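Below you'll find only one chain, the form predicted alone, shown as structure tokens.
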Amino acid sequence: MNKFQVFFNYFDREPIIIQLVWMLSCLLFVAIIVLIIYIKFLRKHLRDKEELIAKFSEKNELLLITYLYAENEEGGVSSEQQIVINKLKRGIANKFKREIIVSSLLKLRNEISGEMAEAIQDLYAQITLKNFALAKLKNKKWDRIAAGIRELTLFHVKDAHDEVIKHVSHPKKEVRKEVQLYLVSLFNFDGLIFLNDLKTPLSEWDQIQFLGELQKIENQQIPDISLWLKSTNDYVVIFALKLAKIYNQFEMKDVLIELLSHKSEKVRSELFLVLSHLYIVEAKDILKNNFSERDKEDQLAFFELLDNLADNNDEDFIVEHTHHENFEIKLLALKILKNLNIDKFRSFDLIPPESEFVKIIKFLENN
């Protein structure tokens, strides 16, 4: 009787639970062996792919450098540049090679500027890579659409506007963001037209990116932002308020004052900053007249505004609120009064107020 037969006889005599444990152990052992073999194969595949990418990238970079330094002094494409274009065109037929070519173009474009950067963009157009990016815009997968729009943005492909704008209301926020960034990056203030009908949120990070792109422009001509200030989308109003502050849109004074009755606390909070920055003193009388009807956040924001805009005409109103129940408002009222009328501020020492009031007076006297 061989060893296997002895083992199987032993196995048959064991309880069913022991048999199951043995079977499970064998399956796990086989699974581990298969997994180890797969991992080794995968690692080798990845190493081979990385080597191939590195080799092809290096080849592409040499071709691109040749292209950049083989300019025709008379203009147009030189014979050496045409050879490079033909080689790259043959490569883009393969998806794997095409992605490496695009990556190489982007890498080089980010490292250079001026005429050379424009030459890279021209090369992108000449080897018809734009067509592949546009094809992504028709893909059913949202991430492919977003990738296509991002590529068109990076290579400043303005003539793709009509195709990109079709996705301005895409259900995925990632796609909408890429569309918006494309419009602002390539068309600047004209690209902000999407704000006219925007129904979706505009994140703080998106707004920062848009403002960053807009501030790169020299000799900026900001359009009429009144439509955005009157938008039913609070995010659009807040962004328009930031534009009004950055670009000193004092001519929007009447529209800004109308926003004092806006239902959104976030809008009003941003508005107070703009009113203070633009020194719109006309807002003070409106706010003083309905001060008691406003919530504590608005009242505090108003006194922060008065800290910048207050004059002698506001003195009685400020004195009236030096005993306000809110500590921060009380502190600001006394601080403003000190700046407006130091004698009246010091006269509070003659009044026997509560201990907290005395502490505030003493603190402000020493600061």
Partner chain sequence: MNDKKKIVLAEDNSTLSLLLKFRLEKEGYEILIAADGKEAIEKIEQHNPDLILTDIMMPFVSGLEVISYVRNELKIQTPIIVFSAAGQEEMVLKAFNLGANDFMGKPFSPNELVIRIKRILG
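Residue numbers count along the first chain shown, from 1. Computed from a prediction, not measured in an experiment: that's the story for all the values here.
There is another form of this protein, the form predicted in complex with the partner chain, and it is not shown here; the text below is about that form.
When the partner chain is considered in the predicted complex, only one residue from Ile112, Ile83, Val281, Ala135 comes within 4.5 Å through any heavy atom, namely Ile112.
Lys107 is the sole member of Lys172, Lys107, Lys296, Lys158 with a non-hydrogen atom within 4.5 Å of the partner chain in the predicted complex. Stretch 56-64 is the contacting one of 24-32, 296-304, 56-64, 338-346, since its residues have non-hydrogen atoms within 4.5 Å of the partner chain in the predicted complex. By the criterion of a heavy atom within 4.5 Å, Phe41 is excluded from the residues contacting the partner chain in the predicted complex. The partner chain in the predicted complex comes within 4.5 Å of a heavy atom belonging to Leu68. The partner chain is not shown here, but in the predicted complex it comes within 4.5 Å of a heavy atom of Met116.
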